[in-house]
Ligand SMILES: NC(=O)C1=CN([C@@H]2O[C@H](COP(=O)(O)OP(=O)(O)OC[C@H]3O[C@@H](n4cnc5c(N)ncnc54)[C@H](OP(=O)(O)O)[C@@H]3O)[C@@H](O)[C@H]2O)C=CC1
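This document opens with one chain alone, in structure tokens, the form predicted alone.
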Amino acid sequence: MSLLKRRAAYGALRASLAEGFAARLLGSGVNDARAFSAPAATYKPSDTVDVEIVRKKGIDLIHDPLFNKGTGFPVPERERLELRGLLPKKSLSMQAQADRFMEDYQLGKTYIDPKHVSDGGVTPDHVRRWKVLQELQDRNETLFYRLLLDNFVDMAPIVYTPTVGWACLNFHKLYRRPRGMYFDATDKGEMASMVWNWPANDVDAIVVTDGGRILGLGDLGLNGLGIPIGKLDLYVAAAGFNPGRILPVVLDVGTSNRVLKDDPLYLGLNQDRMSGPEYFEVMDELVKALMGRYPDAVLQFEDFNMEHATPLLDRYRHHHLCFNDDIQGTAATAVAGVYGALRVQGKSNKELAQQRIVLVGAGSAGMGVARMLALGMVKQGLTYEEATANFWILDADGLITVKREKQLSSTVEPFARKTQADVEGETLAATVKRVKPTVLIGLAGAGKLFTEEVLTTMGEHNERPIIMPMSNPTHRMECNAMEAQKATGGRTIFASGSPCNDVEYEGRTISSSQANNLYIFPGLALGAHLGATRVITDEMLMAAAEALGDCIPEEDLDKDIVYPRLKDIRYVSMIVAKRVMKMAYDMGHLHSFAAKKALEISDEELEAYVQEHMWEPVYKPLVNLPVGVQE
């Protein structure tokens, strides 16, 4: 057949296909066909939209640059092509997509709010590096994770805190390709089927957020997906989870953030944030859908607001393999930091029971820290009531006592001061002056609450004050390292939530530690997963916290460093995983036969078992299997 005849035959075939396809599109209400003015039955091929025949669906289609429309896929196409849940619900026009790209292309915007650029916060160079790393991850994930692991100290702040905060603020402007699943309140009744659009048959770790309280940035709605994405990058690099077996998830229940609602590029639901029983119904459906398909995965809750964080944890923790990093991970990290600070002072863990702790921030993270520190004191010999008497908790209304008029939450109530003195609502400065605490912790996310007066008072009453401003990101911290050292004559044992530089003070260098949850959550999740523990208990969290102390070299303790070195994160995660599994074994929660057998042989055998199951970012020979051939 001649070339002209073949072309004519092919054209006739395309026209025939287009005619029938266009009629189906009309019935589905699709919005990407040309305007029609007559009933579908009267259409001629020349009147119909020119369609493309594709033989891919789902994530394979999205990853094909020839056919991918990104956020431009209309809703009916998403249904037909198994894209639902793989893209944000909102569909953008090609013009809107083009405008977003050209703004970045012509202006090179970094979308940085000047108030976020201070004290080591996000800078244009952070943004540049983040974009370079994202482009590499899009091309070659193995190389991306190799570089992240080999340059962990330098790159962790780029893929996570503090740069991840900037990425979440601008997620709708930066969207390029999906890196997780998108569920929203309108998907109620459909989530169990939607989860099957994710291409992986096996998933070991899931991080989910509803965007309600992203770091210290507040309600970011769908934009909060940046947090699970960054978190799971750390799961892979720090603990050796396989990148093909992780799943970032966002549940979009609306947002109360007016700036996002008014932005035409925002990809989330344009409705007020859902709450009450309806919220929990939607979350129950999501958890059931995720755990229904991936029953062996570790499920981490991330950045939920106080209204939902603790109730959700209490709702699932006793019968799901799950934890909340903001509550439990932060708590374990704080306990590890106080233990490390005691070691710097030459004291044992027993001394935890003697500490007087002022904690600013009565949210889910703050009360999680208070509770875990109190449990640590119980382990050192106190009753729980005696332990809570060692705490002074402050919120936006000052010191919390039993005389507080408004009702206290169940997490705060045990820590309310039982006193006859009229100190309800007392300021932080007055509390520190009166109580003379040994430990000052900040988790309010409200900026410079540790004033010079507060810091100076800490120095006046302690030879080595322990000061831990743990709020994230950097501009939300209660103080920085220089402020703490200057006010206390260079005597502070310092650890902050976001990184701070070491301090040059009176001719000497004073180390600054970072109270970073990544010391805990990757190893905790790895131990729970490899041990098939089915639940994560307080005792397992405490074991993880205590494990960190054994990872600090003696020479670092001499330098006032209270956490292990980030460059040793793989070793740290292995030790944490091992301790978690040993505690699970003692409690009867270690259900992996292989892990149990290794543990019963020796510590070394258990370490080898953990290391054997940590994914390494190296190139391996690839083998193609024909269609229909099983592995």
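Source: prediction; values computed, not measured. Each residue number is its position in the shown sequence, starting from 1.
The same protein also has a form predicted together with the named molecule, omitted here; what follows describes it.
Here is the short version: of Met274, Val503, Val423, Met306, the single residue with a heavy atom within 4.5 Å of the named molecule in the model of the complex is Met306. Met470 is the sole member of Ala332, Ala370, Met470, Ala484 with a non-hydrogen atom lying within 4.5 angstroms of the named molecule in the model of the complex.
Contact with the named molecule, judged by heavy atoms within 4.5 Å in the model of the complex, is confined among 315-323, 442-450, 275-283, 541-549 to 442-450. The named molecule in the model of the complex is approached by Ser364, whose closest heavy atom lies within 4.5 angstroms of it. Interface membership of Asn223, defined by any non-hydrogen atom within 4.5 Å of the named molecule in the model of the complex, is ruled out. The named molecule is not drawn, but in the model of the complex it has a heavy atom within 4.5 Å of Val360. Taking the partner from the other structure, the named molecule in the model of the complex has no heavy atom within 4.5 Å of any heavy atom of Leu342. For a residue to qualify, one of its non-hydrogen atoms must sit within 4.5 Å of the named molecule in the model of the complex; none of Val236, Ala297 and Ala608 qualifies. Residues of 508-540 placing a heavy atom within 4.5 Å of the named molecule in the model of the complex, in sequence order: Ala515, Asn516, Asn517.
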